[in-house]
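Quick heads-up: it's one chain on its own, the form predicted alone, in structure tokens.
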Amino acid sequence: MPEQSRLVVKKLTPTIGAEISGADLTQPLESAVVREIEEILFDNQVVFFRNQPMTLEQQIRFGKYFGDLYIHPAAGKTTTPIGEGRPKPYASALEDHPEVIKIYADEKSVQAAGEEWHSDVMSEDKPPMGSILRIDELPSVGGDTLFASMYAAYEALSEPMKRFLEPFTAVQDGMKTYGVKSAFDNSRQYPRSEHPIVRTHPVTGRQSLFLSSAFTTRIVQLSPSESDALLKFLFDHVKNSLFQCRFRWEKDSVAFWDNRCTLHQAQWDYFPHRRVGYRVQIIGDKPFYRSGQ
């Protein structure tokens, strides 16, 4: 077996997260190594790599091993410059590489990307399958990211609650994150879709919860008051620390997570210090629910 395929896996928790060593992501990878990384991702939902000083081109190449790359609908779209009543945008697509999002926060920021629990762009009709983030610059302390297993969140529910949720769909509205609450241009139209609350993973067949306070606005089949009450319960439920792992970044660390079965939250506990990273995302599939898995 080639040396680059000798991967070592160290789990962060029994539920979610693993660090992978033995792969050099700055170099082309053999197909067997790519498939092995993919299998480790499916088993652990989010995987991490250390000491990967990738160029943008190398990060793009790594992302393309897993599918076509996604172009974000909102990043960097602002209408009012800094100093004229609008905050600095915290994410922007690179001009030469529109599939790459630069994510940053510094002393001029009034918010940071991903402060609220979410799955990336879950308001799309086909949300990104996965996201790959490399941190290039970080504060001396702080700036960790939390990841939560939505498999575990679903499995922790009682059997009657699982059955109760099965027929429900929810509206996922991009305006909730990219418009009203953010530095992005709120005159634009952002993705808005209706997806099952319980989602079946297309590869593993496992069921997970698919909703977040960042995007989910209402449950279609319920009255407004019923929807609000159930969503409040579920938003609180998915934040249970038993479902989580925490990743402490170092320069040139890389995280690769499966958006179909995880939520994540960036910790903005380092203000006014600076944190900079680059992210690519892989085009995904339309969420569905299939019983009997």
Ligand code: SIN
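Only a predicted model underlies this, so the values are computations on that prediction, with no experimental measurement involved. Residues carry their position along the shown sequence, with the first being 1.
Omitted here: the form predicted together with the ligand. The next part is about that form.
Residues H118, L133 and R279 are all found to lie within 4.5 Å of the ligand in the model of the complex, as judged by heavy atom distances. Heavy atoms within 4.5 Å of the ligand in the model of the complex map, among the stretches 226-234, 22-30, 249-257, 42-50, onto 249-257 alone.
With the partner removed from view, the residue among P191, G114, P196, P128 that has a non-hydrogen atom within 4.5 Å of the ligand in the model of the complex turns out to be G114. Residue-level contacts in the model of the complex: of A266, I37, V238, M54, one residue has a heavy atom within 4.5 Å of the ligand, and it is A266. For the chain shown alone, T145 is a contact residue for the ligand in the model of the complex, at least one non-hydrogen atom being within 4.5 angstroms.
Remark: I103 counts among the residues lining the ligand in the model of the complex, judged by a heavy atom distance of 4.5 Å or less.
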